[in-house]
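In structure tokens, one chain follows: the form predicted on its own.
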């Protein structure tokens, strides 16, 4: 999936240090996070891009170390660097602190979540022709976290959709499509039921679409879209979604190409970005050294591209594709026996051979 720009309409505008390295916050994360992020760091270093990492803790690791899931030092680092590579963070189900992922996206107004989903030769998956871009609004919807108990046994959650956020994410999707030579944008919704909220989202998408005559615009109800994605994913190109639908559909798309260990992710704002794999902490295999690092490595490639090193990012993606196609080095989730660090080393060797 060769892209002219991994970030659509936003680019990094920070300052490099005296050695030419770009400052960036490093958040290893919880569970398998340190293992897969460690592999990504090695690959980024091997591609020749200089990064001045400022390592910070967040999530469960931060609670254990400093008593807060989002320590002031983390926030200060992100305000300074405006860019981060992040591992998965633990979020307890039905209890505990709110998602730090959501907190960071809202705090730094990282309004656009981008998840490229691509088939790789050599990976056993139901489809071999998947090439999708999920563009997800990142700041509102039910993820605004506005909920309360009306009375014992009755809880109310508020879905927030605004014209500002809907227009902004639609424009991001169309700008991305135009810059990267994509053919269409499909807005996915449930406006047949939620006529006001999802209806507003659609109205904004339609207004923006009218400005991009070179890009085909389509609409799909979310349940029908999911059905078509698992039967004929080649119908889709760029998917434009609200926050909750985007979260669910992006994981569904990952299942088309071999699982969550294969799909990178990026969160973009006008003045910063956080790059992260879409998978969770995988506590069942944490510390065993067998987690699939491909998603983290491809997220690192998106970060490298955001920094302006487009050729280096493409070298990483090409090397990943070569290693997967060869079928010799792969982690257990892909049917192999390789360790996390062995996959990273194989990708580095592939880059060295190409050089």
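Residue numbers count along the first chain shown, from 1. Owing to the predicted nature of the structure, the values given are computational and were not obtained by experimental measurement.
Omitted here: the form predicted in complex with a small molecule. The next part is about that form.
*Asks:* Quick one: of 256, 123, 208, 285, which gets a non-hydrogen atom within 4.5 angstroms of the small molecule in the model of the complex?
*Replies:* The residue from 256, 123, 208, 285 that makes the contact is 285.
*Asks:* Which residue among 260, 266, 110, 74 has a heavy atom within 4.5 angstroms of the small molecule in the model of the complex?
*Replies:* Looking at 260, 266, 110, 74 one by one, just 260 meets the 4.5 Å heavy-atom criterion.
*Asks:* Out of 225 to 233, 155 to 163, 172 to 180, 276 to 284, where are the residues with a heavy atom within 4.5 Å of the small molecule in the model of the complex?
*Replies:* That would be 276 to 284.
*Asks:* Residue 105: heavy atom within 4.5 Å of the small molecule in the model of the complex?
*Replies:* Looking in the model of the complex, residue contacts with the small molecule include residue 105, since a heavy atom lies within 4.5 Å.
*Asks:* With the partner left out of view, is residue 89 within 4.5 angstroms of the small molecule in the model of the complex by any non-hydrogen atom?
*Replies:* Yes.
*Asks:* Closest heavy atom of residue 342 to the small molecule in the model of the complex, within 4.5 Å or not?
*Replies:* The answer is no: residue 342 has no heavy atom within 4.5 Å of the small molecule.
*Asks:* Can you tell me if residue 58 lies within 4.5 angstroms of the small molecule in the model of the complex, counting non-hydrogen atoms only?
*Replies:* Outside the cut-off, so no.
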